[in-house]
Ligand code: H79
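Only one chain is shown below, in structure tokens, and it's the form predicted on its own.
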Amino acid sequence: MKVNKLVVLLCLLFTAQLHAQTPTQRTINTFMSDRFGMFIHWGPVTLRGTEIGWSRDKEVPMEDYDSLYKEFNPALFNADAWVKTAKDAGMRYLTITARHHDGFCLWPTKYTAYNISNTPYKKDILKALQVACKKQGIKLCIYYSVLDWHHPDYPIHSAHNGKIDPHANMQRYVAFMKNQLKELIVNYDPFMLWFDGQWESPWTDSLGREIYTYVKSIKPGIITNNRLGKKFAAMENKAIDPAEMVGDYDTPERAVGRLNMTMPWESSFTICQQWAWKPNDHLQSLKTILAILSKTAGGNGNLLLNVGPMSDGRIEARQVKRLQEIGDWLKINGTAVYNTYGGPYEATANYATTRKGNKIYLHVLNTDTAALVLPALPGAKVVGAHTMTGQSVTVNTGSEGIQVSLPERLKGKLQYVVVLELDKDAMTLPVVKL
């Protein structure tokens, strides 16, 4: 049997490129191809139903807040159920607040008594999640705040009082952080670390770089977000210079990141309004969440969607139902999300696009319209079009651009995807500015 020399050459080239990548590059590529993950904000504060960290010394008096762990007993916590909920939603990774700004630790750390082993529950939450994630094929990621208003050596002790404690010691505090981070990496082997809380004055970019180098020395392939340093998109969705950030990817918050084909990014949103559980909190509609997911993938980013479990350890049934609805949509349309790239068009209120191979996936967000008009593609033609379920779609190219006539029977329905087949590789196309 003859072997095609070109195929062999391409395989060798691909293998060489793969080996040339650093461990970080390989991990970030895997991470970005996953596109969709679950964020979980949880801790003793759920006994009050107020926001994690931020309600301390405000809605909940500091002394009361710091004592909640003594009655925290999430007897109905089931790691397998949490992970299954994420998997059924089409999520590929799970990020848990192992330690938020309030300093409480969801694992039995050796370095502070303010942890899960000293609650009535006592069991190791992170270990249970690690086992469940491994069993179900979900990547475990760990959130860790660089500020800790509870710790005596961190100089600020309240979000609502910036007074510096003269008895605090940042050198001791950073040593404490390193001990905990080593504990987390060695004992739970996270795929990624999600840092937060770096905006306060005691924390500096140089400390961020020190911690970044330290965690990489323990696990070279681990990735981190860019909240070890001061440069990040945040809620303002600011444009940043990647060279100035400390970390491996950017983190817009409650905003879909900008279309960027070179800098990885992940937008975080929450399924309700509050990050931690709140009774009767407003639940986002399926339409809203799917639009966010499509626009995020269309911008070449990931979506980290937060849920807030209740104090007894269960995720609310209504949140589970919404997540299942997202998963049902992804069972049909997941090819247009996972392992794709953003573009070539910037997302609008009417549509978003992703691409792979010779296909552009047109995510139809506004299903009330009869047609969508896209700008012309330089040097490429649409040679076929159909929905993900195989229904033929009419496409006409004219002076105004590419007109896609949408199926009448899908008018007013939930968003869907039209596959545009091209006469060339879609990845060779430049970003089309609208």
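We number the residues from 1 along the sequence you see. Computed from a predicted model, the values in this text were never measured in an experiment.
A second form of this protein, the form predicted together with the ligand, is not displayed here; the remarks below concern that form.
Taking the partner from the other structure, the ligand in the predicted complex has no heavy atom within 4.5 Å of any heavy atom of residue 69. Among residues of the shown chain, residue 139 is not one whose heavy atoms approach the ligand to within 4.5 Å in the predicted complex. Contact annotation: residue 253 falls within 4.5 Å of the ligand in the predicted complex, judged by heavy atom distances. At the 4.5 Å threshold, heavy atoms of residue 82 stay clear of the ligand in the predicted complex, well away from it. Contact annotation for the candidate site: 41, 227 and 235 all lie close to the ligand in the predicted complex (heavy atom within 4.5 Å).
Annotated contact segment (heavy atom within 4.5 Å of the ligand in the predicted complex): 48 to 56, selected among 48 to 56, 367 to 375, 382 to 390, 398 to 406.
Interface residue among 101, 231, 258, 322, judged by heavy atoms within 4.5 Å of the ligand in the predicted complex: 101. This chain appears without its partner; in the predicted complex, the one residue of 110, 163, 160, 122 with a heavy atom within 4.5 Å of the ligand is 160.
In the predicted complex, the ligand lies within 4.5 angstroms of at least one heavy atom of each of the following residues of 187 to 226: 194, 196, 199, in sequence order.
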